[in-house]
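Just the one chain here, the form predicted on its own, laid out as structure tokens.
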């Protein structure tokens, strides 16, 4: 499969780049942080993004979306990374929609997908319970009750959970904690009795939430996919999130590199441009090559998801691990090569470093995906 964009994909990338640079640059994230905005993103911006087709980028056209696939979603995420644009794109348009596409019934899809594509509904994935990503460590319990279940437990680091209309909750219906078997996914109203959500502002000024579930009643029609068979769906959802997060980290790394090179061309020291120093040229050249490698592996992972390639999990983990490594390098180099001003809050480069750290940890860090790749390879 050629690692190049089609004409339509390139047009999408260009249009999203222009839109976000104008409507949601880094300055908007700074303003949201400084004002302690209760939502953490602009709902007006999200409605505009929905009008562009981004909220429904994965939603089939028959259900109100643009059906542009994971490559399209990744291209949007890359530009979000370049601009540090705050939006529920990842939580709703990628994770939420993938869960519905992979495990949703016809009734669930018809009820929710058109609303998501229109920008009228927000979803959030509530899967992790520990400080580090481990989707099989599920202690939240779902016990039979009437024609449904009672949910009891807690979830951590739920992206955009404080504003989501519905939560996609993983709970254990059978099996031992840590087992893949016995996990079931549920659609839960955030406003349901027994659901308590507290917002957590992350280091990168983005949103996460802690969700507590105390005897939350859900009906049988709220089950997403088969009972006890949620792990396979959850892994598909997480792989979509991992690949698209890798695309966002690509954007963060590429923008950090571009801004650093521009600074090297302007900053003078001892009467000469610092970009003429061979040591700095070597560092910039190394970083350029690393960013180009990430471009290739991210595009391959997104293409694999679109093709439903059985190797997609391995490509997603490879992309997430490599992007996490390179975005750390890129943001470290950006701060160091900008010198003293790179350490100040008034300068935007620090925002890129903070986003790089949070994104690299979300849905598994380098060590997690190195281990997963080994296991997928039979080791």
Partner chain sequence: MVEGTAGDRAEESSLEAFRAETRAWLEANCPPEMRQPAAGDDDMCWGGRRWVFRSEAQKVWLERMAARGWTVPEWPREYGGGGLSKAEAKILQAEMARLGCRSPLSSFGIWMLGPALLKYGNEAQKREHLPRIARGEIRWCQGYSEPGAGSDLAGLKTRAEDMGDHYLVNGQKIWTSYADQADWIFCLVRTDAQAPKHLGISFLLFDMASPGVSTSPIKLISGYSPFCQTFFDNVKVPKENLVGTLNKGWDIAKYLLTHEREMIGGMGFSGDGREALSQIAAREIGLENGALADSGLRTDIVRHEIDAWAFALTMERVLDEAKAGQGTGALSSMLKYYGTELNKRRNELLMSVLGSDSLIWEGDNPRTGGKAGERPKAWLRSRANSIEGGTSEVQLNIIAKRVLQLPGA
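Positions refer to the first chain, counted from 1. Note that this is a predicted model, so its numbers are computed, not measured.
The same protein also exists as the form predicted together with the partner chain; that form is not shown, yet it is the one meant from here on.
Asks: Thinking of the partner chain in the predicted bound form, which stretch from 253-261, 189-197, 236-244, 110-118 has heavy atoms inside 4.5 Å of it?
Replies: That would be stretch 253-261.
Asks: Indicate whether the partner chain has at least one heavy atom within 4.5 Å of a heavy atom of residue 358 in the predicted bound form.
Replies: So residue 358 does not count as contacting the partner chain.
Asks: Is there a heavy atom of residue 366 no more than 4.5 Å from a heavy atom of the partner chain in the predicted bound form?
Replies: Taking the distances in the predicted bound form, the answer for residue 366 is yes, it comes within 4.5 Å of the partner chain.
Asks: Mark residue 128 yes when one of its heavy atoms lies within 4.5 Å of a heavy atom of the partner chain in the predicted bound form, and no otherwise.
Replies: Close contact is absent here: in the predicted bound form, residue 128 is far from the partner chain, nothing within 4.5 Å, heavy atoms only.
Asks: Hey, in the predicted bound form, does residue 333 get a heavy atom within 4.5 angstroms of the partner chain?
Replies: Flag for residue 333 set to no.
Asks: Please identify the residue among 141, 284, 156, 179 with any heavy atom within 4.5 Å of the partner chain in the predicted bound form.
Replies: Among 141, 284, 156, 179, a heavy atom within 4.5 Å of the partner chain in the predicted bound form occurs only for 284.
Asks: Going by heavy atom distances of 4.5 angstroms or less, which of 293, 232, 227, 201 would be at the interface with the partner chain in the predicted bound form?
Replies: Of the listed residues, the single hit is 293.
Asks: Which residues from 301-327 come close to the partner chain in the predicted bound form, meaning a heavy atom within 4.5 Å?
Replies: Sequence-ordered list: 314, 315, 318, 321, 322, 325.
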